[in-house]
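Quick heads-up: it's one chain on its own, the form predicted on its own, in structure tokens.
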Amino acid sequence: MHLTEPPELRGYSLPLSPSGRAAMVSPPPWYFSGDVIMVEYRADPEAAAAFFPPGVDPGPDPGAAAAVFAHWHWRSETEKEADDPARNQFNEFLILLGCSAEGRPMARCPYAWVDEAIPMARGWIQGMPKQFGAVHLTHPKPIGRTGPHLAEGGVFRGVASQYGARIAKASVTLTVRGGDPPLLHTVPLVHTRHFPAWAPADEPVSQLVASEVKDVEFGEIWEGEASLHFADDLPDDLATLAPLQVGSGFVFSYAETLCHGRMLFAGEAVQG
């Protein structure tokens, strides 16, 4: 019996297959549009700085932070996700810390949670530290009395939990329409792509990267009074980022195209 050479296995991500179409994550660009509830707050500057790798510093506003709840629709260039609402939607909660790298303002995401597998795997490819969790947030309703309107007095809430335990909850009561987008939602994100070594003789992959986006759009921005509470029994590292002071809250729609990442400090021996 004559055996032919097996076909080459392909794919942007695992699982690999002869056609490459079995990959869990499609290659970028990735298109996102969603609804965001965001609360600015102050974290302990020293605790925040402890999450910055070499090459990243606290920048001009040490301790600046934000908690972000978002509901996303997304698709890739292949559009294979476009018609499947079970695949092209997810909820997310993340923490952002203001920082600086390469002499420009950026934000660092030390923790993130999502409620679907594909965005979690895609986050690891980017270097975004996504974990699996349960995230729920209020969506604006243009009619009726069962949901808040995008209008003065509307109250929007978000909650996030992991393994059945509460992580954080927030609320925003709208007071003002218009204004500038919150700063930490307008700057590039700096991530560490970290993959442990598997073979004993290998070194782990550790790369400091920044996200590259285009086609950024903000919908109507509402600002208001906010509350933000972290659970009392969080793990020690996460608990150090709890709010010392809560600032303004924001509710808005947002869209972007995430093109790829780029190495920071190219040619320099700086790792995340």
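Numbers for residues come from their place in the sequence shown, where the first is 1. Here the structure is a predicted model, which is why all the values come from computation and not from measurement.
Another form, the form predicted in complex with a further copy of the same chain, is not on view; read the next lines as being about it.
Checking 154, 188, 127, 182 for any heavy atom within 4.5 Å of a further copy of the same chain in the predicted complex turns up a single hit: 127. No member of the trio 104, 226 and 246 reaches a further copy of the same chain in the predicted complex with any non-hydrogen atom inside 4.5 Å. Taking non-hydrogen atoms only, residue 237 approaches a further copy of the same chain to within 4.5 angstroms in the predicted complex. Residue 194 belongs to the set of residues with a heavy atom inside 4.5 Å of a further copy of the same chain in the predicted complex. Taking the partner from elsewhere, residue 98 is found to have every heavy atom lying beyond 4.5 Å of a further copy of the same chain in the predicted complex. Using a 4.5 angstroms limit between non-hydrogen atoms, residue 141 touches a further copy of the same chain in the predicted complex.
In sequence order, 52, 53, 54 are the residues of 52-69 having a heavy atom within 4.5 Å of a further copy of the same chain in the predicted complex; the partner itself is omitted from this view.
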